[in-house]
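Let's start with one chain on its own, the form predicted on its own, as structure tokens.
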Amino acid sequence: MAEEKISGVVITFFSTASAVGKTLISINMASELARQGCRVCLVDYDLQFGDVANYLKLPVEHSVYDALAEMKKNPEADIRQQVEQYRYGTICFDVLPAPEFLDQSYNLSTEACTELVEKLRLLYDYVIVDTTSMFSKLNLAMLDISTIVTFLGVVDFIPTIKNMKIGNDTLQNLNYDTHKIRLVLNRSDAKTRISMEAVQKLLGEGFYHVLPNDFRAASESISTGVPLVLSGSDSVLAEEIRRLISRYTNRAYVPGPEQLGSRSEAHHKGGLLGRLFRR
């Protein structure tokens, strides 16, 4: 019997500022959707400096670069042969990491990258796309084809808020469906003299969802390579990420049996730099 064709949901994480938590949140969204039994592929389209594989402590044998090369060689190729698999206990999802070497990212066309995501959405229930913090040609293409765009921001410094305002105005001027863009605030209770209410007034709209600041839990997740939603963490950040996902899927969060299995790959040892720069 021929494999049933699906049209998966594409959720893109976008921001106009760096270090706002796109990668951490996208990883956790992919993990929770996989825990719920969905077929998920997480794509790292920060082509030059993507950190998805680093955050997951995932050895890279294949990347976006390899998938696109295979597509060029054989348009009918099964792209699933070019993905990496993240596994924690019984839960797993596929990952297409950013190119391993900087020079590999230079000649990857927007058209080919878009075609890759369109192919993936026929194979997975959810395609999660992590992006760079700019209105690049590739990012605009991803915004166009996405089912949902998570526009992530933080309230810390005036330049960051200015960029959030410019980004939000630009997204509105692109005339997307009003339900497509989800304005999400991360690290909401970080120490700052700028109130969330003042920022919402500046933006002209409220935040769709608010995620709390939990530096300790986020740091531990990155250092171990285990997403918060899979680690058994009772942090408020993990709880709010689950609530955000429930709003996206219209399904209430249902806790599963605690995952006690170990990672399929041993954790890398050494200091923080050794753990981050494992390649």
Partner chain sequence: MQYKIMLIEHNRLLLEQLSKVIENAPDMELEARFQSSSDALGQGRVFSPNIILLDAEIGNATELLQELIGVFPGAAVICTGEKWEAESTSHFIQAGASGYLIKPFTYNGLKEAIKIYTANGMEMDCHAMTFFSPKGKSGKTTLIANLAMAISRTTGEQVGIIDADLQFGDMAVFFNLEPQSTIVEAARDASFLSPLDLRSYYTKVNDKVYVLCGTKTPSLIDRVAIDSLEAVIKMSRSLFKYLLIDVPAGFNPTSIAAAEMSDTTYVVAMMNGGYEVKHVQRALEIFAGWEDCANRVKTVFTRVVPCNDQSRRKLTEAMGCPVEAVMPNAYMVVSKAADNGQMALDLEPDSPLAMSINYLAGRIIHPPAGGTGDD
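Positions refer to the first chain, counted from 1. The model shown is predicted, which means the values in this text are computed figures rather than measured ones.
Below, we refer to the form predicted in complex with its partner chain, which is not included among the displayed structures.
Heavy atoms within 4.5 Å of its partner chain in the model of the complex are found in exactly one of 94 to 102, 141 to 149, 202 to 210, 114 to 122, that being 94 to 102. Its partner chain in the model of the complex comes within 4.5 Å of a heavy atom belonging to P159. In the model of the complex, N54 approaches its partner chain with a heavy atom inside 4.5 Å.
At the 4.5 Å threshold, heavy atoms of F135 reach its partner chain in the model of the complex. Residue contact check for P227: none of its heavy atoms lie within 4.5 Å of its partner chain in the model of the complex. If you take 8 to 40 and check each residue for a heavy atom within 4.5 Å of its partner chain in the model of the complex, you get T16, A17, S18, A19, in sequence order.
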